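Listed next as structure tokens is one chain, alone, in the form predicted alone.
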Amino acid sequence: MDLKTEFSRMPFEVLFDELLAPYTTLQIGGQADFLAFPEHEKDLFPLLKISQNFNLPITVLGGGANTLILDGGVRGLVISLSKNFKGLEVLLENKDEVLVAVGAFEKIPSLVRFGISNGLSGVERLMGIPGTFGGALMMNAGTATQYVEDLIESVLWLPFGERKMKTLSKEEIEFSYRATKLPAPGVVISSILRLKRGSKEKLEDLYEQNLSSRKKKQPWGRPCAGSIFKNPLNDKAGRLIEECGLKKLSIGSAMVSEVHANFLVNTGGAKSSDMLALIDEIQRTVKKQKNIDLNLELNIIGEEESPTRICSHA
């Protein structure tokens, strides 16, 4: 039985040669050989079995923030958890703390609103961050001093190679600045957060201040991925890029934001090659003028070239 037939038998949607640009906040990216939308945890098991039988690489696509998909697309199977891997649930609470289960595809803004409405401190470090909680977990998102890792109690995870759900404690996960490493490649299903009781009024005020500040300091209305570079030690990537005179620099339809220099925007029809060339120019110029290496926070997925697609011959 060929791959198309195998995937066509799934009781959920699997698309062939699907363009991935619409699934990212940058609106850039080539085609996936197979793009699957499992609706339940049990749907993941046949996907992993097929991928193992046909030796297909697997890519998990979150909400598409902080991600550049290359123009050549992504080979193998891309899994999107967008259909039914959401949800917020209070599991346990006392006068000081609350344990909250969060689905991997739960949007960060909805988690923040949930925390504020229930007076739960900890969510403030995620205010203004786009995308899903699963994505925020995998990049250890947060502020300059507070990170997702500080909230994690445990993570429900399905390793690709074992096809058995596992619960990882915080100690079994390797966190670092803007990066998270699990014991092996796999799919994060949900997380349990330990949040503290806080003042609803103070959280609401902080949210309004944060929202107002971000509207002034970050680009709105144009496709972008969020911060492109990690901040160097004791410095800011945006400040360095601006001091090098690179604000509004364009290559093709990729441009350094005039609002915040650590944001690159798609001014319309940008290719991944435009973004990569602009990133390279920024890194080269900052190195030359400041003798500082800027490291990427952006997650780059896929291939620059467009080889023969797997499903075209399946």
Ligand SMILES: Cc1cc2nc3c(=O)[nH]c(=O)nc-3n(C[C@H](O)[C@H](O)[C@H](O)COP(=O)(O)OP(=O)(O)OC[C@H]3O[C@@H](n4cnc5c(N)ncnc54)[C@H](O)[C@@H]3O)c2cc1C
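Bear in mind the structure is a predicted one, so any value in this text is a computation, not a measurement. Numbering starts at 1 and runs along the sequence shown.
There is another form of the same protein, the form predicted together with the named molecule; it is not shown, and what comes next is about it.
*Asks:* Only one of these stretches, 233 to 241, 163 to 171, 104 to 112, 192 to 200, has heavy atoms within 4.5 Å of the named molecule in the predicted complex; which one is it?
*Replies:* That would be 104 to 112.
*Asks:* Taking a heavy atom within 4.5 Å as contact, would all three of G186, G226 and E297 count as contacting the named molecule in the predicted complex?
*Replies:* Spot residues vs the named molecule: full contact, yes.
*Asks:* Even though the named molecule is not shown here, does Q218 get within 4.5 Å of it in the predicted complex, heavy atoms only?
*Replies:* Q218 belongs to the contact set for the named molecule.
*Asks:* Any chance R178 has a heavy atom within 4.5 Å of the named molecule in the predicted complex?
*Replies:* Contact check for R178: yes, within 4.5 Å of the named molecule in the predicted complex.
*Asks:* Can you work out whether I116 and the named molecule are in contact in the predicted complex, taking contact to mean some heavy atom pair no more than 4.5 Å apart?
*Replies:* No, I116 stays farther than 4.5 Å from the named molecule in the predicted complex.
*Asks:* Any of the heavy atoms of P38 lying within 4.5 Å of the named molecule in the predicted complex?
*Replies:* The answer is no: P38 has no heavy atom within 4.5 Å of the named molecule.
*Asks:* Considering G76, G122, G142, P159, which brings a non-hydrogen atom within 4.5 Å of the named molecule in the predicted complex?
*Replies:* Of G76, G122, G142, P159, the residue with a heavy atom within 4.5 Å of the named molecule in the predicted complex is G142.
*Asks:* Of the residues T67, Q31, S272, N262, which one places a heavy atom within 4.5 Å of the named molecule in the predicted complex?
*Replies:* Contact check passes for T67.
*Asks:* Just to make sure I understand: among 123 to 138, which residues lie within 4.5 Å of the named molecule in the predicted complex, judging by heavy atoms?
*Replies:* Read in sequence order, the residues that approach the named molecule (within 4.5 Å, in the predicted complex) are G128, I129, P130, G131, T132, G134, G135, A136, M138.
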